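Here you get one chain, nothing else, as structure tokens; it is the form predicted alone.
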Amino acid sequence: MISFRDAAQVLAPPESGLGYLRSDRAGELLLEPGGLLTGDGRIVALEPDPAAELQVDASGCALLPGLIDCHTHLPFAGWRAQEYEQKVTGVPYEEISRAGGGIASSSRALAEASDEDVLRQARELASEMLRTGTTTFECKSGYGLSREGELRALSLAQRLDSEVEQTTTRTALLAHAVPTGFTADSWMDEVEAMAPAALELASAVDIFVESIAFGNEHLERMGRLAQAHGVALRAHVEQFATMRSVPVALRYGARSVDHLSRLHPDDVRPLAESECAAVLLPGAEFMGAEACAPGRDLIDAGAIVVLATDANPGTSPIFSLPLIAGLGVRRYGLSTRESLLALTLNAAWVLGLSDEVGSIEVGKRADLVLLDAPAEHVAYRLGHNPVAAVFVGGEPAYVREDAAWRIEPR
């Protein structure tokens, strides 16, 4: 058992058993001094025990639930650094994509890389994520761009789960780009054919609705596919153009709509009144001249707002949730509690894991992050990593060298 004592702040929900908390209620989150006790991988008490085998002196620290990254494109192969300069100097992503860059470039890199090379890179990035407090993250396919390639990507993501400290989930992003030789319609035929095999490896499906990718009619097909297979529907929408995809996604019970940089004002209220999360990805907006998602409007309307990295080799090569929190606060005007809620309980809701992780409650898995500073510093000190230690399933998974003195045997 591990006892955490004398934390300056412990982040806790206002009540137990919540699947999510609407973001306009984030001010109700508790952030008060305290401690807790873990045992057998779970949180067993919301108070310390001086008799526990391992004692964590959390004096002056904040104790948070493990951070959850609900939108990443791991595993992938290689990088697209050459596109970075193009984007930041004003070349639109649509132009890069049509010239063979973007998703197509990552597809070629994945096809050319060995399984071991892909997994080696993914393990290194997962380790980097762990050091910044991520204890759960999503993996997506989407760079396969063929039936064999998509199934391979999901299989590699399944292998990755057993090779990293964190818990991972898998999303079948089967409609990410239209492969060469297909139309959007004919590729959706292929998606429907591969779905039974793909969804043995994944708990959600995803689609990129955009002028350079798929349309709302294809989102409808993906929605019917999700319903037929009993999996969650997720959708990349309104990133570069206003496609009015949110009403379509809501009609099919989507678990999340992600990006929303070009969200139509009339779609804010229906989204906020639903149980569909608004996943905002400031890393993708931060890189170029993209529009800004209406984060403040969504929160004030009562939406389930989430922040995530969109970790990928092209548009958002960012793997730190504290950095994303800082970008989100500065870009959308979120408060500390709103940003922390967006990285924990509400992110768990997107992945269907709220019963297990996302908040400090008795019975939940003891995924915990110990900060070397008040919780406000997560977003305030942009670029600084405030994580002193990370616990996954009640076991120390990362302890920063200069913070090791805080953890001691009884």
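Computed from a predicted structure; not experimentally measured. All residue numbers are counted from 1 along the displayed sequence.
If you look for the form predicted in complex with a small molecule, you will not find it shown, but the lines that follow are about it.
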Please identify, from 311-319, 267-275, 334-342, 293-301, the stretch that has a heavy atom within 4.5 Å of the small molecule in the predicted bound form.
311-319
Could you tell me which one of Q239, S245, T134, S256 places a heavy atom within 4.5 Å of the small molecule in the predicted bound form?
Q239
I103, V118, L154, L327: which sits within 4.5 Å of the small molecule in the predicted bound form by any heavy atom?
I103
Does Y93 reach the small molecule in the predicted bound form if we count a contact as any heavy atom within 4.5 Å?
yes
Is the gap between R80 and the small molecule in the predicted bound form 4.5 Å or less for some heavy atom pair?
yes
Please determine whether H71 contacts the small molecule in the predicted bound form, using a 4.5 Å cut-off between heavy atoms.
yes
Taking any heavy atom pair closer than or equal to 4.5 Å as contact, tell me whether H176 reaches the small molecule in the predicted bound form.
yes
